[in-house]
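Here's a solo chain for you in structure tokens, the form predicted on its own.
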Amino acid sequence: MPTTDKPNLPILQLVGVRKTFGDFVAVETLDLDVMEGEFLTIVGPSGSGKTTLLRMLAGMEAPSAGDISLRGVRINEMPPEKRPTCMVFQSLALFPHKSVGENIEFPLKMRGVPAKARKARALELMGVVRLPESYYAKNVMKCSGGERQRVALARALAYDPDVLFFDEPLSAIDYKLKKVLEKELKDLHRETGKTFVYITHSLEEAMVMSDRIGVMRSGRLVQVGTPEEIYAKPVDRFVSEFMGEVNVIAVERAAGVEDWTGVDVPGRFTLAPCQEIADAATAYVVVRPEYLRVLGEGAGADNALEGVIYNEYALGSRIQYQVRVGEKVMLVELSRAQALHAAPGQRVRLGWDARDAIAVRN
């Protein structure tokens, strides 16, 4: 595969990059290496700075401080058209009066490529993005949303960029088609060996497609890691809650012992040894719903709580239960084979082992 041949070297490097608009700090001093041939996704809530970061990488905004380098060359002031990069916008920015083929060929035409060679390349790229050759002369506005998405991808590839930037390109597409395009984008990345930098607010998109994920908050990169690292080892409560549903329990260290007592739920808890909270007086225990289990008669766990079933939700192959523990609602996710067949109001014991939880300071 093309991607496996890429050297493990950065193609883009950001050192001390900062972006301000007047007194407003959109991106705070940020360091990041984007590796050759990787699929890097930047996620974060609205206003976190992810789109501003992408615009600086693409050359649409210049950093207020710091340096951006492409293959070791500083590109802070280099205009977008001079960079070996291309952007796929959320709006797609296709020419509505042109055909599919004319849209794809546009960058080649701007470079003076002869008509015959342009058409051959357009047809080749249509095959790459799974568009029938019969669509070559079809007006792009007569294509479906998913087909227009493929046209935009083919046009971006026609530039033969080293890096492709994506600004939430799947946000306006229905769920079923989005799932198809997520897989196709991942396949396309592997087949082309290009470097993809993708912006989204969707956890699911990031988890499905990415080699690495960067989580932004208030203009800062809070954590960068593989999807597994971000999901299983979040650095703080914000990342854990942003990357999916979680149970968060506030705890405080019991005097003179290594055990912890609950602040917002009653009980004493055992936490796995963690340098992050080694000298902390208070902390948060983060437990994913799939790591909680219902304890039957005689069953044990490192940590246990008693609660009352409040509601249940069918999630295809899984069932999620809401269990009230005092004033707190805990989420438990079981396979259908493990379904409780219990009515709301029934009391249950929940348990989890220390190794299945994460402890964070804030």
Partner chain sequence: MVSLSVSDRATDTATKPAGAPRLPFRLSPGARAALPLLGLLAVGFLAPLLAILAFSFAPPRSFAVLRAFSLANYAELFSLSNTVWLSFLWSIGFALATVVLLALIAYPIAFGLTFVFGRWSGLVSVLFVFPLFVSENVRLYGWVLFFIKNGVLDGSLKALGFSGGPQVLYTSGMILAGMVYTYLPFMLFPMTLGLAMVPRDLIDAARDLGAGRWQIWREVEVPLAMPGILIGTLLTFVLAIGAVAEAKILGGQSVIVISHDIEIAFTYSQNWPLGSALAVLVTLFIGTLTLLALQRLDLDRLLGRR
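All values reported here derive from a predicted model rather than from experimental measurement. Positions refer to the first chain, counted from 1.
From this point on, the text means the form predicted together with the partner chain, which you will not see here.
- Annotated contact segment (heavy atom within 4.5 Å of the partner chain in the predicted bound form): 92-100, selected among 92-100, 276-284, 172-180, 125-133.
- Out of the listed residues Ser210, Thr195, Ser240, Thr85, Thr85 is the one that sits within 4.5 Å of the partner chain in the predicted bound form by at least one heavy atom.
- Only one of the listed residues (Pro114, Gly267, Pro80, Gly244) places a non-hydrogen atom within 4.5 angstroms of the partner chain in the predicted bound form, and that residue is Pro80.
- Under a 4.5 angstroms non-hydrogen atom cutoff, the partner chain in the predicted bound form has Arg155 among its neighbouring residues.
- The partner chain in the predicted bound form comes within 4.5 Å of a heavy atom belonging to Arg55.
- Mapping the unseen interface onto this chain, Gly262 falls outside it, with no heavy atom inside 4.5 Å of the partner chain in the predicted bound form.
- Under a 4.5 angstroms non-hydrogen atom cutoff, the partner chain in the predicted bound form has Met110 among its neighbouring residues.
- Across the proposed site, Met60, Phe106 and Tyr159 without exception bring a heavy atom within 4.5 Å of the partner chain in the predicted bound form.
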